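Consider the single chain below, provided in structure tokens and representing the form predicted on its own.
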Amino acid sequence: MIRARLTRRAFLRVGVAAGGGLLIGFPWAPGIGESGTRAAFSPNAWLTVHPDGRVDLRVASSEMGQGVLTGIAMLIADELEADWSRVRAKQAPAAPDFANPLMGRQQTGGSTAIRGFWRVAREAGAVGRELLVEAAAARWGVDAGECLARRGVVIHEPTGRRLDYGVLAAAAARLPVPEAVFLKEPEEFRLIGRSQPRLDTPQKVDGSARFGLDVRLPGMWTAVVARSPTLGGRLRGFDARAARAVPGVRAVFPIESGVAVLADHFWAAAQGREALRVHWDPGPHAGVDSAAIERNFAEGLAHGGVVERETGDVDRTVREGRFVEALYRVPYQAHACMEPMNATADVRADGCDLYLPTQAQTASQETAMRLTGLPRERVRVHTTFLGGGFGRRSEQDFVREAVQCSMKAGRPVQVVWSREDDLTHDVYRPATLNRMRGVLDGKGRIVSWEHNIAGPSILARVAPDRVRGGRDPTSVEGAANLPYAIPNLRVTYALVEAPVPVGFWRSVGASQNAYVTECFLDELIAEAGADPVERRLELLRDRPRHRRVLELAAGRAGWGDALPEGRAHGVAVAESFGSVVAQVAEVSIDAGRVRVHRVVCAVDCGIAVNPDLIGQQMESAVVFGLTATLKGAITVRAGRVEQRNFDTFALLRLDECPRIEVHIVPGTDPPGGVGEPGVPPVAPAVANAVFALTGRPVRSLPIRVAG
């Protein structure tokens, strides 16, 4: 068994909770702060055992449909040996104690929730278990080694005596914290590794689940904001007389992002905004369009970029073999969360309460601190359920608007974005232009690979201090870590600024680069006359995880078997966020319309904490990725985003969704990510199937096929 050395100083709060329950105070393991040093975290309570045996757990990560409220609770409950039917999970408040060890902040993203809290959450549960066992042994006057915990009770093995956790809670709270606890070995897990019912399902079925848009506070007004229609535009002035005349409108005033209209309810606020007369300075980008942005990317490629990875001698091999070159284009993408952006703020002289569907509790708290001047302990963040996140809800624009409106109005204010606001003022997945070059030798083997990327940088906007020498590691995810055994390889990145704001989008750089690399690989394999799966397996000879998922997906999909007439298979493999995923898509084309009939997905994510949740996330990723593959693209004309609603930025409809099969590679390694790794293989698997059908490689998204 694994022994975790835990000092008494690590557990600074162990006591009796309200009502006599056992309260375990347990700080997360130190994380890497922005300074790069190991930072110590303050203590905080993570679990409460009530006298009636109920167990309350606090989860620091945001629940946005991915099941983290259940997954992290399983980690604690398994080591605690709690009765799962008596466990409740709640969102934790914003506090440094709840920072994700992999991120150094309380934030949900990068598929870090389960893998970030994997060990420390289990340690918290193990300490609770040991205290309860000690309390039972003391009551019986026996050695604790004769006792064991099982499903919410402590059992004295020689006599069969049993005591419920609730009965032991108060006594356990008075015991000294153990110097060390044992963590379970994988074969001892009772919850982890088995599908458990989601803890948030009952609330979402009976309607009691509270999302951001459900928040209602006494005296609250609703606000909508008129923002510049052009990228980088600025407010010059406005006439609010007609807006104030709309029934229900209570106030109109400027804020940082534009002009806010506050009213009794959303409809009145929206009508008031329509009645506003606003004069905008269109700014320096009023003439920019998508074509001009791509020309800038092309110039970036021509001038060259920083080398992110290089092995062998690419330049020499270009002169010695069959040379293949291609340009790949990837468009801007919107997040299009089903719940548009919103935030509720209640700012008072003595404090501020934020009610948010947020992925970034620490950042939201700090935003309010900066705007109000209040200290951290006076700013409370109440995390609601999120109607989708995908990285968008780590941003602070909607938080700033709510805080500024509440400060000016002197009352609670809920800022609500319309769908048009959401699509035209997003922070988009970056567009990129990619130049690919490959060389085949006389036997059709790939001996050289060059990938040149040009596009804007996410980190240049959100963390410019991390972009050094033109390097943004998020921009080369899925490219610089190419897993194939190619002796001569070079990957470069040219940072090209553009007026379109960019941000983290589900699976980040891997979402673009896996499409480019896996599609170009199929081009080279076709040039060599080889089979896409067989050649990939050859190139992955030193990558057992990649081989396993590829073999599993191909086998379950029936790769090589006869398909119905007019259909073809496409395959792709991608590694991201600590996991490896392979997908095989079965595709047909009818009158220029691409139809995906089936997607077989295989994933190696280490230990599968909750297999059902993993399957759900892979299915979600396939649907999300198919929308970007077949439907959406954000374009710019005259300095404005052209897509305004789902009529021009379509999502995949129910009757267009394929049959999706998910197969999990068994494993006992610590968990990898799950929420994001299913997206990168979708586009190339489908595009490669289209290539197989048409003989023409798909070098631009979304896929368009001539009828």
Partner chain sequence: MVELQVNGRRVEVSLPGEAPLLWALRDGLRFTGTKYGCGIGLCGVCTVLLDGEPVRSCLTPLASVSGRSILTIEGLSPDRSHPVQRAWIAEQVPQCGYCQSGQILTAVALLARHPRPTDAQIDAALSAVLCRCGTYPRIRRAVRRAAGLMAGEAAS
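For clarity, every value in this text was computed on a predicted model and none was experimentally measured. Residue numbers count along the first chain shown, from 1.
Note that the form predicted in complex with its partner chain isn't included here; everything after this is about it.
*Asks:* Out of Met64, Val55, Val641, Ala60, which one falls within 4.5 Å of its partner chain in the predicted complex, going by heavy atoms?
*Replies:* Contact check passes for Met64.
*Asks:* Name the single residue among Gly300, Gly258, Pro101, Pro340 that comes within 4.5 Å of its partner chain in the predicted complex, judging by heavy atoms.
*Replies:* Checking each option against its partner chain in the predicted complex, the one that comes within 4.5 Å is Pro340.
*Asks:* Please determine whether each residue of Gly387, Phe646 and Leu651 possesses a non-hydrogen atom within 4.5 angstroms of its partner chain in the predicted complex.
*Replies:* Yes, because Gly387, Phe646 and Leu651 each have a heavy atom that approaches its partner chain to within 4.5 Å in the predicted complex.
*Asks:* Given that its partner chain is not shown alongside this chain, does Ser448 nevertheless sit within 4.5 Å of it in the predicted complex, heavy atom to heavy atom?
*Replies:* Close contact is absent here: in the predicted complex, Ser448 is far from its partner chain, nothing within 4.5 Å, heavy atoms only.
*Asks:* Since only the chain is shown here, I'm wondering whether Arg198 would be in contact with its partner chain in the predicted complex (any heavy atom pair within 4.5 Å).
*Replies:* Heavy-atom contact with its partner chain at 4.5 Å: present for Arg198.
*Asks:* Since only the chain is shown here, I'm wondering whether Gly207 would be in contact with its partner chain in the predicted complex (any heavy atom pair within 4.5 Å).
*Replies:* The answer is yes: Gly207 has a heavy atom within 4.5 Å of its partner chain.
*Asks:* Does its partner chain get within 4.5 angstroms of any non-hydrogen atom of Gly503 in the predicted complex?
*Replies:* Outside the cut-off, so no.
*Asks:* Look at the stretches 309-317, 209-217, 486-494, 398-406 and give the one with heavy atoms within 4.5 Å of its partner chain in the predicted complex.
*Replies:* Flagged stretch: 209-217.
*Asks:* Which residues in 614-630 have a heavy atom within 4.5 Å of its partner chain in the predicted complex?
*Replies:* Contacts from 614-630: Gly615, Gln616, Gln617, Glu619, Ser620, Val623, Phe624, Thr627.
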